[in-house]
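Okay, so here's just one chain, in structure tokens, the form predicted on its own.
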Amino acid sequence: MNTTVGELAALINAKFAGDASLEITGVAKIEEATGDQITFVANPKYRKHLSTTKAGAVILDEQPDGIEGTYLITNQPYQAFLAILNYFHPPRKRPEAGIHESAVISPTAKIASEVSIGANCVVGDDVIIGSGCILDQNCSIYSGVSIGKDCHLYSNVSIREDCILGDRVIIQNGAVIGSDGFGFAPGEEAYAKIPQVGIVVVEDDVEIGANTTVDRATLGETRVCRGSKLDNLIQIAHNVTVGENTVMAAQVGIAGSTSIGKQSMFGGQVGVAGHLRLSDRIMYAAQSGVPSDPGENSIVGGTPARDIRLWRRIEASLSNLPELFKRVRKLEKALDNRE
């Protein structure tokens, strides 16, 4: 699929500087792009590559001074790049509606029109699947599950009994929704399993990554609210609430009965203690350990999580500790000699 810079500028409603007739055949990262490819700069730290990139054209928010090239200028370079990426790589054709002959479907399941159910799927009693859904091969949908419209469950997804999915939910390969929460009562000689009789509710427009687990509630519900995006290998424990439009990078762990505020951002491997109520719009740096609520609009890092500026100062100071210890020992020795 070939097109020109001028045509792409019209597609994303951008101004351009340079050669509008330049032919573009694809997209690439700024460090790897070739003369017939287009790339973008949204993060300021990548502007350093503008002087060395071999890309035929670059999407960015303003034309750079003193660097010749062909540029598409827009105040939303990342969104513009996504539009061009979709232009060159349109979504794959959805599978044909229908049920594979190897799938096992309960006679009491209610499956709407235009649903595609792949090979070896199992759909249990009283399941409801809305129109336009896709279940790839080997999905397991336990009894009593309700799935909304236009959801896509990739292969080997398991949705446990009585859980609820809203509309346009995407669940990547191997994720488990509604596994038992980690509840055990200590006895004199052994632990007794506490029945996990709640459910999981996943609201509209949520995406859940590969091999992520969302545990069912002990009582009541675990809830992932509208628009949230969870990366791979995340653990959401029983009775957790993840607020609207919150994003979590890989390997985040949220302990039981914690409520996450809306529009929050979690770096990779953040750990959150249980029974907390966290405020809205907090950014957590990667590997933060969160024992308490930092407050709305905070940016925190470290263990325990602190204001990001204080944490950076502490981290910078740690490298000076060996020299500081030497100085303290010399001072102690000098004081001892004077005494």
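Computed from a predicted model, the values in this text were never measured in an experiment. We number the residues from 1 along the sequence you see. Here the rigid core means the biggest group of C-alpha atoms that line up within 1.5 Å when the two forms are laid on top of each other.
Keep in mind the form predicted together with a further copy of the same chain is missing from the figure; the text below concerns it.
Annotated contact segment (heavy atom within 4.5 Å of a further copy of the same chain in the predicted bound form): 39-47, selected among 66-74, 39-47, 53-61, 292-300. Proximity of S319 to a further copy of the same chain in the predicted bound form falls within the 4.5 Å heavy atom cutoff.
By the criterion of a heavy atom within 4.5 Å, E23 is excluded from the residues contacting a further copy of the same chain in the predicted bound form. H100 belongs to the set of residues with a heavy atom inside 4.5 Å of a further copy of the same chain in the predicted bound form. At a distance threshold of 4.5 angstroms between non-hydrogen atoms, D126 is out of contact with a further copy of the same chain in the predicted bound form. When a further copy of the same chain is considered in the predicted bound form, only one residue from S106, N211, S146, S116 comes within 4.5 Å through any heavy atom, namely N211. If you take 231-257 and check each residue for a heavy atom within 4.5 Å of a further copy of the same chain in the predicted bound form, you get D231, N232, L233, I234, Q235, N239, N245, V247, M248, A249, A250, Q251, V252, G253, S257, in sequence order. Superposed on the core, the two forms differ at V328: its CA moves 2 Å or more between this form and the one not shown.
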